[in-house]
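One chain comes next, on its own, written out as structure tokens in the form predicted on its own.
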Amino acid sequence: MDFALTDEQRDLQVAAARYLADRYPPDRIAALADAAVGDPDAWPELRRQGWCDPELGMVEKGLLAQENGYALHPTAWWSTVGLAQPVHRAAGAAMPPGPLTLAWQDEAGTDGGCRAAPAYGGGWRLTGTRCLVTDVAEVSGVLVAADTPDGLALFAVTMPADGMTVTPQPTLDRLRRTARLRFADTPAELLVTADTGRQVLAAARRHGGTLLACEAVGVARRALDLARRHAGQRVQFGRPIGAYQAVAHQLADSYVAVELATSLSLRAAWLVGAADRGAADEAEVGPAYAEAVVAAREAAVRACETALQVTGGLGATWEYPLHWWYRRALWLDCFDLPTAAHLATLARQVLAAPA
């Protein structure tokens, strides 16, 4: 079986890389991050180029996510395509033209959640809290997971909405900001009923998490490129520092981690896409997803920390762009389920396997 990318997939990745490199050079990324703002003006162009097409395959989305991580693409593309689009697909509803996000996380250390109740005269009303909601400042609508008398269901809320309060939450990554949403009798439209709400939410989280693993590969690749460029240009004792084993071995180890994460993340993307079509065994998809997340998170953090070691004092300065990719790597490392949960999935698989 040939696991190589097709010519069309390679062309897609090259075109995405060229577009992002032209539009988001490091100095512009630094300026947007310093101001803690995204680039909402880019959304019409993304839709025109087909980045949000529902027919786009999961591997193609993974390739776009890699380039997003490499460039630190400052839009709500991941929140829309990674989280919201699978919910609309499950609901059989068309995607609206604007960017979206998904709110499902409870606030740690509290008993708060979000509840939905039928409204007098029709419709639904939401009350409660959802936290760590990504890209709220840039989206035109939010999909909210809320408890109903029959179980968990998913609702659509158009922004701005009556009774909804948005409070920014502190985050290490200024290009992917999060917020706390408070609902007080907020009107909402039912998208996915309680019969399948939990399954659809779990599938959307896995879909988005797979794209985050691909994004982590792009972050790792950018950090490794910064380190390699510096190692080839910085001269000490008459030789580039990359010629010394202490530097070369670190770069080689990071390269191996990036290559492993690349293969595992694209394999997970292919399996998740096949599972969405009912063409893959769920017993294989879960461990593949866990492998991709663990490997990609480790590769991203390791590549950034290796780059900090190689670039030395320069890499630790505010003016040098590396810290923005390091922030994204750390954000990816802790978003949604912790790495320990994915390692537990892999441990169960290993322990259940026959000797």
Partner chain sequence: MDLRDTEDQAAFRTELRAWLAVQVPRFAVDGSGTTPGWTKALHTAGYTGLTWPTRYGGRGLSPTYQGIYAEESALAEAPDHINVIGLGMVGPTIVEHGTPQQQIRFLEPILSGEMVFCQGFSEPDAGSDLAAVRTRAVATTGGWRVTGEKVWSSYAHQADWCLLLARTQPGSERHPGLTCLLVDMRSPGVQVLPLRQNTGDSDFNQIVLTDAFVPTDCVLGPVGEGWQIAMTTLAHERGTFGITLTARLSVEFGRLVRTVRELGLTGDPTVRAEIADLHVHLQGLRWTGYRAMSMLNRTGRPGPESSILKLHWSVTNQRLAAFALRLLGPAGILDSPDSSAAGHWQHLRLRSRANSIEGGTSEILRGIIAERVLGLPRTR
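Numbering follows the first chain given and starts at 1. If you're wondering where the values come from, they're calculated on a predicted model, not measured in any experiment.
Unshown form predicted in complex with the partner chain; subsequent notes refer to it.
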is_contact(residue 305, the partner chain) in the predicted bound form, heavy atom dist at most 4.5 Å: no
The partner chain contact in the predicted bound form: residue 13, any heavy atom under 4.5 Å: no
Contact test in the predicted bound form: residue 271 vs the partner chain, heavy atoms, 4.5 Å: yes
Residue 113 within 4.5 Å of the partner chain in the predicted bound form, heavy atoms: no
The partner chain: the contacting residue among 264, 181, 175, 71 in the predicted bound form [heavy atom, 4.5 Å]: 264
Contact residue in the predicted bound form, from 232, 151, 97, 168 (heavy atom within 4.5 Å of the partner chain): 232
Stretch in contact in the predicted bound form with the partner chain, which is absent here, among 181 to 189, 234 to 242, 131 to 139, 79 to 87 (heavy atoms within 4.5 Å): 234 to 242
Members of 245 to 269 lying within 4.5 angstroms of the partner chain, judged by heavy atom, in the predicted bound form: 245, 248, 249, 251, 252, 253, 255, 256, 259, 260, 262, 263, 264, 267
